[in-house]
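Two forms, one chain: they're shown below as structure tokens, one block per form, named structure 1 and structure 2.
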Structure 1
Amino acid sequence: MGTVEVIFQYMPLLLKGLRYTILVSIEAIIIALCIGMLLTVVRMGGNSLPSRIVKTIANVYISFVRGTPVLVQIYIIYQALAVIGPNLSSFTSGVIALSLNSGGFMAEIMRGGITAIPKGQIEAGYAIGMSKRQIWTRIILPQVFRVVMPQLTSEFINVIKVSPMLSVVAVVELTRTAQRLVNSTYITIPFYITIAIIYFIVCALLEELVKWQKRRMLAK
């Protein structure tokens, strides 16, 4: 049996690995979005001592996430969860690791979106008696998501590109699946080229989505 035939024979397993890659990336990006929003709210807090302490912690967290290798963060989180004691699967640990990493980048994306909102709108909200929660839910967040949607999609692409690193903690996503097939068939380069093409197709489609979102924003 030729190499091409072997690749097609195992293609269902590779597509199953791709499904796990997309699944872990989607779950991670949703959690990361929540983390980014929380960090953004915290960093916009007042000037009281507790607020300054919390803002400092948030800034240190963001700097650590953006300034250290993702692989090191995955190892730290995976081992830390094992020491703490919860019986979490490798998949769950991988989602947590990716979401904590992406959350720091999400915070910067959200902050950039908030700076694009005219301060007069927020002041007008306070002037008509809106609470802080109402201002966030009715004025800030709807506009922020519209402005940063292309950046959020780009971050989702980055999460997909980083997800192969989860293979080091036994998450059976696309890259881990390919590694297993290489070990069982002793066919190396064709399998890795195949998954590279799969990653390229997925990311290229998402990049086209980013371009469409930007064109839509410019057209408004």
Structure 2
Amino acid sequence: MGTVEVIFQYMPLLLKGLRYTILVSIEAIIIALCIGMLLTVVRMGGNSLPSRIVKTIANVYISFVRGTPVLVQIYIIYQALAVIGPNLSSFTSGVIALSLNSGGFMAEIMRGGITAIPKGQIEAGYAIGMSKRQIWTRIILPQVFRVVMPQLTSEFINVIKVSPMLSVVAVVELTRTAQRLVNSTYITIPFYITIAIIYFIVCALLEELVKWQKRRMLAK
């Protein structure tokens, strides 16, 4: 059998791995968005002692996430969750590790988007009598997502590209599947090139999806 045939023969397995890659990434992205927003709100908080403490915790967390290797974070989360006790699947702890990591990056992106909004626009809101909540919902948030969408997209793609690292904690996603197939068939480069192409297609599709969404928002 030729190499190409072998790869096609195992394609269903690769696609099964891809399914896990996509599932783990989507779940991680959604949770990371929530974490990112939460951290952002916390960091924009007031100057009272409690909010200063929470702010400091958020800042330390974000620095830690940004300043340590993802692989190390994945090991820590996996082992820590195992010690704490809940009997989580490796898939779940993988999702948690990726979300905690990406949430820190997203918080930083969102803060950048918020500080990019000129202070004058916010004052104009106050000047016509808006409340803080109205300032957020009517002026800041509608603009933030437009401003940060390109960077957030890169972060979404980053989550997909980091997901192979979960193979170290036994999540059988696309890369891990390919590794297994390489071990059993002794065909190396063609398998890796195949999954590279698959990753590329997924990321390109995601990018197109976001662009399409952005065009739709602008058209409104």
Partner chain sequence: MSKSENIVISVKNLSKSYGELDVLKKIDMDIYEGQVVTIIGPSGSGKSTFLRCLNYLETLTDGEISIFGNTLVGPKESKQAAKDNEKVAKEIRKNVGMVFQQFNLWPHKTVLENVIEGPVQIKKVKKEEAIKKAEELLEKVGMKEKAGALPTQLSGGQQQRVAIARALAMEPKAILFDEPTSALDPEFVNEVLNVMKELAKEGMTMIVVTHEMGFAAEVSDRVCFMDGGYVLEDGTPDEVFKNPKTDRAKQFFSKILNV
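Numbering for residues begins at 1 and runs along the sequence of structure 1. Small disclaimer: the values here were computed from a predicted structure and weren't measured. For clarity, a rigid core is taken as the largest C-alpha set superposing within 1.5 Å between two forms.
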Between 1 and 2, where do we have the form predicted alone? 1
Core-aligned CA displacement of residue 137 at least 2 Å between the two structures: yes
Residue 151 C-alpha moves between the two structures by 2 Å or more, core aligned: yes
Is there a C-alpha shift of 2 Å or more at residue 71 between the two structures once the rigid core is superposed? no
Once the rigid core is superposed, tell me how far the Cα of residue 209 moves between the two structures, in Å to one decimal. 3.9
